[in-house]
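This document starts with one chain, in the form predicted on its own, laid out as structure tokens.
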Amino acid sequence: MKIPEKLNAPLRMAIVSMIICGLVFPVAVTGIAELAFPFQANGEQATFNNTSIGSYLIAQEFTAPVFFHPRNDSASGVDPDIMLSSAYAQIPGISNSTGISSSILHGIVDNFVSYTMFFFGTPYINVLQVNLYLVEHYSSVYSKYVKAG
């Protein structure tokens, strides 16, 4: 089947555009991101005992009462952050389960506070960050909940 002469140029342009936009550009951007921002380009992976255990960008499932839990409302279920008030509300239960005093847990939570707009906006914490801190600094309490590396 012969392609009409008037379609040759547009067809060639479409093929070249697909190669540039669908292959060359994404590979170049990914390569630059890997070089400039490797932690972010790989999904901000959280590690424990030299093993990747999840991402700081996606909620992880914590079921034991010794851990802070992500939101369980009608949201998407993948938000890794909880509002500061939600974290404070979980402190009494975690304190009862671990024996770590509420005041120490409050201090730990306060050290991990971020804001939606720099230092303005709604305060929140990343659940995985706080739970990893607790596992690393209170290993005697958390050792039975964490697999050895």
Partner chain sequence: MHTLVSIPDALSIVAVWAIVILMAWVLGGYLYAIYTGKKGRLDRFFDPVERFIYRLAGVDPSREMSSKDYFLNLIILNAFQCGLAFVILSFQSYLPLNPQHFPNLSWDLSLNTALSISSNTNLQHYGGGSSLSYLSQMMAIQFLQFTSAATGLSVAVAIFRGFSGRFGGIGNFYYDFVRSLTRVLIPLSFVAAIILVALGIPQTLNGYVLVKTLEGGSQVLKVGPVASLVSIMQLGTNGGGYYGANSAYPYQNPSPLTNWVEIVLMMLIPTAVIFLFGRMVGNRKEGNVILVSSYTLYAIDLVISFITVTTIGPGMEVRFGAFSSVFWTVTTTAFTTGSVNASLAAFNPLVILAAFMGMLIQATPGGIGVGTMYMLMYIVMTVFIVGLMAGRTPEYLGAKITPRDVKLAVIAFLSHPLIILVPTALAYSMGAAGAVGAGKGPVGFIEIFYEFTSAAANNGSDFLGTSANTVFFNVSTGIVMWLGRFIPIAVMISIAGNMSGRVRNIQAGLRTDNLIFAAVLVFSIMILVVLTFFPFLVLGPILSYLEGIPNGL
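Residue numbers count along the first chain shown, from 1. For clarity, every value in this text was computed on a predicted model and none was experimentally measured.
What follows is about the form predicted in complex with the partner chain, which we do not show.
Student: Should residue 108 be counted as a contact of the partner chain in the predicted complex, where contact means heavy atoms within 4.5 Å?
Tutor: Residue 108: no, not in contact with the partner chain in the predicted complex.
Student: Taking the shortest heavy atom distance, is residue 53 within 4.5 Å of the partner chain in the predicted complex?
Tutor: Yes - in the predicted complex, heavy atoms of residue 53 and the partner chain come within 4.5 Å of each other.
Student: Though only this chain appears here, would residue 139 touch the partner chain in the predicted complex if you measure heavy atom gaps against 4.5 Å?
Tutor: No, residue 139 sits far enough from the partner chain in the predicted complex that none of its heavy atoms falls within 4.5 Å.
Student: Since only the chain is shown here, I'm wondering whether residue 62 would be in contact with the partner chain in the predicted complex (any heavy atom pair within 4.5 Å).
Tutor: Answer yes; at least one heavy atom of residue 62 falls within 4.5 Å of the partner chain in the predicted complex.
Student: At 4.5 Å, heavy atom to heavy atom, what parts of 34-54 sit next to the partner chain in the predicted complex? List them in sequence order, or say none.
Tutor: The stretch 34-54, when checked against the partner chain in the predicted complex, contributes 34, 37, 40, 41, 42, 43, 44, 45, 48, 52, 53, 54 at the 4.5 Å heavy-atom cut-off.
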